Structures are given as C-alpha cells and as structure tokens.
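Given as structure tokens, the chain that follows is alone and in the form predicted alone.
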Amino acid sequence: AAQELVGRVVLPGDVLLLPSHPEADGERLPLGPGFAPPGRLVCGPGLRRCGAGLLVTKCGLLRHRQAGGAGGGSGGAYWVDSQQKRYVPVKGDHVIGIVTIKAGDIFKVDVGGSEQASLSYLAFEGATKRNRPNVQVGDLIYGQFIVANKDMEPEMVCIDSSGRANGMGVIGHDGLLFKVSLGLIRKLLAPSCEIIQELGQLYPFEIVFGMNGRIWVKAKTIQQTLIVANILEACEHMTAEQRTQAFAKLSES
C-alpha cells in the first residue's frame, strides 16, 4: 500500500495501491503540487494515475502530505522526492534564465531544460510598444512560467497576475550565478529550513532562488559572495551539527 511505503525508496514501474476508502473521484484526479481539498487525492511529481493505484515514474523517496496539513483522514498528496539533475519546466515555477537570443518582440531564455523558453517584451511591468524593457543578450532573468507542457514551447513572464513585477525581471549584473541540485533548492525553500537565516547572521547578502537549480547571490565583497556560495553548495551533504560548526568557524574568522 502507498501509506506503508512513505519514506522508502520507490522505483519506476512500481504500482502503489491507494487507501481503501479514498474520498476522491477516481476519474478526475487533479495533478500538480499544492494543497489538496479535504478528502481529495493529489498525484504529485514522479507519480501517474494507473487504474486503482499510482504508477511510479521516477526513482526516489515516496512522500505524503495530509490534506490541509498534518492530521488524519484520507486524501492528501503523494509525490516522489528524487535527486533529478535535469529541470523539467512546470507551470508557476519561478526560475532564473539567461537571455540567449533577442529576435523582434521575443526573447529566448535558457532555463536549463530541453528547450529554451520564450519571453515577450510586453511581459515586464510597465512595458509598452514604445517603452520597451532594456534587456540584452546575456542578461539574467528571474520570472515564472505561464505555459509549460510537453506539447508546447515554455513561456515565461516577469509580472504576476496583477501586472506587478513583484521582484521579477532583470537581475543585476553584479553577483554570482551558480548551479545546484534541484533537491537542494527545494530544501533551501522549505519553511523549516534555517540555513538562510543562519547565513544572514554572518554576512548581509542578496539571494535569488530558481526552481531550475540556479542560485544568484551577491554580498558586500567578492570574498563574502564566494563564501556564501560555497556554504550553500556544501549544505546539501552536511548535517545540522556540521553546519553549526562551520558557521562558528566563519564567525570567528
């Protein structure tokens, strides 16, 4: 059963049997991340609906979240937590891209996927046909996907539903861009993660996380920027005790 395998390694091709009394409509299973309505079962990344169960499509640890947070009851969300290296665009994900082509009204942006994403010059706050954004080839773009599926070219925007930038747009030319695993990005963005708060007590810095495994960071000096980047890369394989010791050594120096 799926509940018995939570926290264990699952392999592609495994079939997970669902609870005997799910309150979900078996023919209309919602896909994608997010909280599930009470009693509704959500099939997350790495899983696919298959008859009376879920078919595993990725190798990793099976995770489960109860509907509406902690607590009992049927429903909730199942997904596979995998150490995937290649990013697959997902609608709504915030990513860091690199502008590679500037052709007419469209920018082509490298987001680390199998295909480059398109970005319209009108997809910036305050942009009009006369007032075009100053975007050049090689610039770093922080935006989100509004179109992302296997049959269409990914499409990005740098505005939210209200037309505001809300932190998105062209990232400054200073700073350092580096790549980490997708699992580390999810770990750093988790509400329970304290790594960023502990780092902020050492040095003041600016940081941008992309769900495609890219991190942009900028501190006061180049040395501090490199230290922050090295710590973030090393945190993936460090325990909380090892991290505390490393921060203590840095604070003394």
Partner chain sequence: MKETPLSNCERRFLLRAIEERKRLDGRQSYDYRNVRISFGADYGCCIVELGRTKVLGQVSCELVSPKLNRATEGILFFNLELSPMASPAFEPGRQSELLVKLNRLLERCLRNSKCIDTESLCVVAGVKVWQIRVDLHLLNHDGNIIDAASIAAIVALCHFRRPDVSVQGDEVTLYTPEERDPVPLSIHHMPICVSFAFFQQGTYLLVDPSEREERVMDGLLVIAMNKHREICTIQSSGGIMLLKDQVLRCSKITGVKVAEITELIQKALENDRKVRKEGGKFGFAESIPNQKISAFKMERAPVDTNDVEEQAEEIITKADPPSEVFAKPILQTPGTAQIGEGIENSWGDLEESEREEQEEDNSDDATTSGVQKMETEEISGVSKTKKEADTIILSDSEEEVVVVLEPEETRKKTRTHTSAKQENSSSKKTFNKKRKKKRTTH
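Positions refer to the first chain, counted from 1. Nothing here was measured: the structure is a model prediction, and the numbers come from that model.
Below, we turn to the form predicted in complex with the partner chain, even though it does not appear here.
Put simply, of 86, 129, 150, 164 only one has a heavy atom within 4.5 Å of the partner chain in the model of the complex, and it is 86. Stretch 105-113 is the answer when you ask which of 142-150, 105-113, 118-126, 156-164 has residues with heavy atoms within 4.5 Å of the partner chain in the model of the complex. Among heavy atoms of residue 138, some come within 4.5 Å of the partner chain in the model of the complex. Using a 4.5 angstroms limit between non-hydrogen atoms, residue 175 touches the partner chain in the model of the complex. Proximity of residue 249 to the partner chain in the model of the complex falls outside the 4.5 Å heavy atom cutoff. In the model of the complex, residue 201 stays away from the partner chain, with no heavy atom inside 4.5 Å.
Using a 4.5 Å cut-off on any heavy atom, the residues of 89-103 that reach the partner chain in the model of the complex are, in sequence order, 98, 100.
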